[in-house]
Every structure is written in C-alpha cells, then in structure tokens.
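Encoded as structure tokens, the following chain is the form predicted alone, with no partner shown.
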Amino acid sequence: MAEEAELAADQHVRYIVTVEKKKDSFESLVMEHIRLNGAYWGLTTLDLLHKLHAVEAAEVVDWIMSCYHPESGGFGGNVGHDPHVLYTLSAVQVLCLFDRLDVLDVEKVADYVAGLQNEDGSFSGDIWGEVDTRFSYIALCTLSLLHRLHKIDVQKAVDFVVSCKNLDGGFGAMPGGESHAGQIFCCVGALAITGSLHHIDRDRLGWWLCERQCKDGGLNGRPEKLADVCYSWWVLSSLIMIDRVHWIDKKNLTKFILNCQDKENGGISDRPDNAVDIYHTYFGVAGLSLMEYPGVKPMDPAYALPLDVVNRIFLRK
C-alpha cells in the first residue's frame, strides 16, 4: 500500500466520460432504470473536479428533458420510464449544474412534487404511495432549489421528519424505523433546508454518527456493518450540518477513500480492491470535498451540489 495515496482525478474524469458512452456494458445495463441518478452522480463528480466541460451541455440537457413527463410534471429514471421524485430531484440538480433551470416548466414540476405530500406531512415517492423520509428530503430539496417551498405545508413536513427521530438521536425511514446514516442525512438535510435544526439533539446524534468510523478509517451506515465509501458523504454531511464534523478522524477517512480508487482505469469502489462504479466514485469524491481535499470544489452538505452552484441559485439578484 502506498505511503500517501493521492486522488487520481484525471483517471476518474476519463472513467466517468467513458462509462457514459458504453451503453452495452454491465454497469450501464444494471443502471438503466436509474440512469438519471447516474447522470447526477457522474456530472456532479466532474464539476467537483473542475471538468464539467468534458461533456456537451446541450446534449445532456436534451437527454434530461427526454425523461420528462409533461402531463404530470415529473421525471422518470430513463426515457419512457415512470415519473418519481427520486429522478425529478436528480433532473433538477443536473439542470442546476448547467445553470439551465430555464428549460423547466417550474410551476408544473413544483406542483408534481407538492401533490405527493400526504395529510400527515410525509411524502410519497410517486402515485403508488410508498412513504419514506428520503422522499421528504427529496421534495423539500427540489422545491427549495426551484424557490417553491410555499406550495407545501412546510410545518407538517417538518413535524413528520421529527416524528421519525429515535432515542439514539438518529432517524429512520418512518416513525419507529431503525436509525441509518442514509436516512439521517435525509432528515438532517430536510431540517437544514427548512431552518429546523433546533429539533436535533446535536451531541447525541453527533456521537452516533462519529461511532460509524471503523478501524480501517472508513464509515459504516449502522452498527456492526463494514465501512463503505458512500457513507463518507451521508455521515460527514450530517456532521457538518450539526457542527460535529471535528469528531471524525479525517486523515484516516481520507486514506480509506483514496485506497478504494482504481488508479489506472479510474473510479472508486465501496471498499479497497472491489469493482468501481459511478455511485461510489461520486460519494468518494464528495466525501473528499467535505474534508476540503486540495483540487476538489467545496460541496453544500444540505443540497448535495457544489457550493458555487447553490450560491448561484440562492444569491442571484
């Protein structure tokens, strides 16, 4: 193992651009139903590495809009796929990267998301009605990026998220659900976006989150699980939002992420020596961003977009 690994940024850029072109590869086929999410992971990584210009913006925007359902206002995970808030947020985030929200019928998209709020303040993911705190975060994030939070009952949305808080300080997918780092990010992010972080016991949650660091330096999502690069994002972003990120050993976490790289062909895996994929490449680079790694643009921990993109959306006159 190298004494001090470095980020193989150029190889990661090449890997992302190449994966996009290999439509018949295994990775492309297994991701077909979530291709819009994959576009968000890959393109955000490129932007974090200052290489968004490596793709043709007009082509990307055209493809994003080919996944749009004008009758509902939502986006599907790929062309011809049913709309869902998961893909709708990814579409909005990618359009934010390229500063092209102008191609959207903002009112229609916002109405689609707002229409999925339930009486108890929760959100369904689509017309089939599955409820999960992920969808609460997604709805609040999407509407906030579109400046349309007024279309929903924000207080009810906050109350539902708070009802999913557990005795250990964490949050689950629904009231009584097990605390999980991914769901914690969604709930903390939702509360951050709505200015409601006062509902969190920061020390108790911070302790639960910092205990996710394993002996190999990586972070896991729940007690007794193996470390996984993707939790570098879910855990760190949550800790930053509650001002407890200094409780993590950043040096060892950085080393863990860098040791998950394929330094020759690019890409980052979940754990050292495993197969790389777009998902873990994004969350690895995003984790490094949150730790202010040299050469990587800073990320906004709540909106999961580069900080300059978020500032452009909310500070534009």
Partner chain sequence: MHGRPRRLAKPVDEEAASAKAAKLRDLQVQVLQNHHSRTYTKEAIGLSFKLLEINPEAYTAWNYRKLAFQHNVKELSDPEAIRSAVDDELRVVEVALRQNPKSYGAWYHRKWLLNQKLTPVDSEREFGLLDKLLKVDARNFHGWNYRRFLARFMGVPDEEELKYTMDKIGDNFSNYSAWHNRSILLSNLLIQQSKGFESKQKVFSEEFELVTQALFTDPSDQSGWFYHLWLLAQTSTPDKPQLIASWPCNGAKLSSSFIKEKVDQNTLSSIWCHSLKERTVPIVLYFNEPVKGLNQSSVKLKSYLEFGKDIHWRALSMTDSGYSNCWATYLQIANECSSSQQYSVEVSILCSEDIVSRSGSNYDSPVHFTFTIELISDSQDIDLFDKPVAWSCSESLQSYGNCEPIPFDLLTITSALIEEESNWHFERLSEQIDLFRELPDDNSKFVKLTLARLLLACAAMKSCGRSLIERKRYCDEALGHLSDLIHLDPSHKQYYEDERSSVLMDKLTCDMETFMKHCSVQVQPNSVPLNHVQLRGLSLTCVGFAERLMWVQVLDLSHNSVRSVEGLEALQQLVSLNISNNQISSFTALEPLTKIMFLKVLDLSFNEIGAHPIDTTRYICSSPFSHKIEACEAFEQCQKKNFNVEEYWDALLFFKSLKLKQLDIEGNAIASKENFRTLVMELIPSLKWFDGECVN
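This is a predicted model, so every value here is computed, not measured. Positions refer to the first chain, counted from 1.
A second form of this protein, the form predicted together with its partner chain, is not displayed here; the remarks below concern that form.
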(request) Go through L95, A192, V161, A110 and name the one with a heavy atom inside 4.5 Å of its partner chain in the model of the complex. (result) A192
(message) in the model of the complex, is there a heavy atom of its partner chain that lies within 4.5 Å of any heavy atom of G73, even though the partner is absent here?
(response) no
(request) Answer yes if any heavy atom of Y87 is within 4.5 Å of a heavy atom of its partner chain in the model of the complex; otherwise answer no. (result) yes
(message) Check Y279 for me: does it contact its partner chain in the model of the complex (non-hydrogen atoms, 4.5 angstroms)?
(response) yes
(request) Would you please decide whether S144 lies within 4.5 angstroms of its partner chain in the model of the complex, comparing each non-hydrogen atom pair? (result) yes
(message) For a quick test of understanding: in the model of the complex, does each of N166, I240 and I248 have a heavy atom within 4.5 Å of its partner chain?
(response) yes
(request) Pull the contact list for 119 to 135: residues with a heavy atom within 4.5 Å of its partner chain in the model of the complex, in sequence order. (result) D126, W128, G129, E130, D132, R134
